[in-house]
Each structure stands twice: as structure tokens, then as C-alpha cells.
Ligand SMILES: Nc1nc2c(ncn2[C@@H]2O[C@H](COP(=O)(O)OP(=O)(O)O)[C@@H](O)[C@H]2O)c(=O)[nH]1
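The form predicted alone is given below as one chain in C-alpha cells.
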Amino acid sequence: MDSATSELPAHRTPLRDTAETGLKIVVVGGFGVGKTTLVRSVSEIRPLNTEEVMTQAGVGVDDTDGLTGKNTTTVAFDFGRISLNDRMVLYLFGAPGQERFWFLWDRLFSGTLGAVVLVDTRRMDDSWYAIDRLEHHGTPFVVAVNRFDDDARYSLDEIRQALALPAHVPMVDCDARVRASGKDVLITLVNHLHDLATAKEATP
């Protein structure tokens, strides 16, 4: 899934002198779901990525069913940065989606405050591992449904039921190619983290 370069800012933003809170966020999900695209579209710096061209070596190893036109893949992680306001900065890490690189996930989760699980309705089963690992680590997360080509086959309620997600986990639609849409996903996550922290403080 190609990013919409028209959505990228005209210039890259330097880190503000007033920035005082940095939050590590991980974007996870299945192979080809749009994690690299999301990080690329929202990052205010030139993102670091480790995309490589897919070769015959991946045939029979990486499941490309339903991924028409997919010819590159992340082999380590993506990294980007976005300032939500004058004081809060998110450091974004996109995890590789192929099963053979899942061993990297636990290291990426270290120090992570929260996560985005990106879901492709064409391959919803690929979301299970991401949700399982986040729950195992006790990492709060939100689910963002990446609507490829205005795909509306399933409603958010139907996807929540299919993934057996509890009601307290926020779900949103998004287009990973669009900067504003990706930013809305991250704001949803930050609000969720704030609500969890507030509830914890209020607990006697």
C-alpha cells in the first residue's frame, strides 16, 4: 500500500525546545497491513525504515495472499516521530509483520507505553498474534482498521466481535496513507492512555 506523498508536510519539523514528554508507541499488525505507510505518513522527520525488495526466497514463507502489488517488506522496524503538541512527542516504531520476524516484537515492546494494532479486514486472522502479545505484556492498545480502497465489508462492531475485543479497547477506522487520519489514530491512543492513568490514580 503506497503512501500518499501529498499528505506529507512540505518540510520536516525540528524537535521543539519545549518538548518534555516522549512516549514510545509501537505499531503492530499483520504482514502488509500498512504499518510502514502509517509511520511514513504521520512522521514529521524523514522516517527510518528497513524495507527490502521481496525475493524468491520468501515464496512459501511469507503469506502474500490478498496482497496485490506487495513487493517490499520491513525486515527490522520502522521509526518516526510526531509532536502532538508543544510538550508531547510520540516516537513511533513499526514492527515487521511476517511470522519469521516476530522474535523482534518482544524487544520492541520494551519501554512501550502503548500500541496501535492495525487491522486489514481482508486478513483479520493476522491480527491475533499482535493482540495476544500486547495482552501478554500488559501493554494498552487501540485497534485501527485500515480501510483499503474504502473497504466497508465489516462494521467496527463486527470486527470487534470477530477479534473478541473487550468494550474498553478503542476502535477506529483509518486510512494509513492520510496524515490526518493517522494522527487521529495516535490521538485516540494517547487519550486512551490518559483515561487509563486517570482511572488508576482514582482507584483507592
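Owing to the predicted nature of the structure, the values given are computational and were not obtained by experimental measurement. Throughout, we count residues from 1 along the sequence that is shown.
Keep in mind the form predicted in complex with this ligand is missing from the figure; the text below concerns it.
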Original post:
Looking at this ligand in the predicted complex, do all three of Phe31, Thr36 and Arg177 come within 4.5 Å of it through at least one heavy atom?
Top reply: yes
**OP:** Answer for Arg160 alone: is it within 4.5 Å of this ligand in the predicted complex, judged on heavy atom distances?
**Re:** no
Original post:
Is there a heavy atom of Asn146 no more than 4.5 Å from a heavy atom of this ligand in the predicted complex?
Top reply: yes
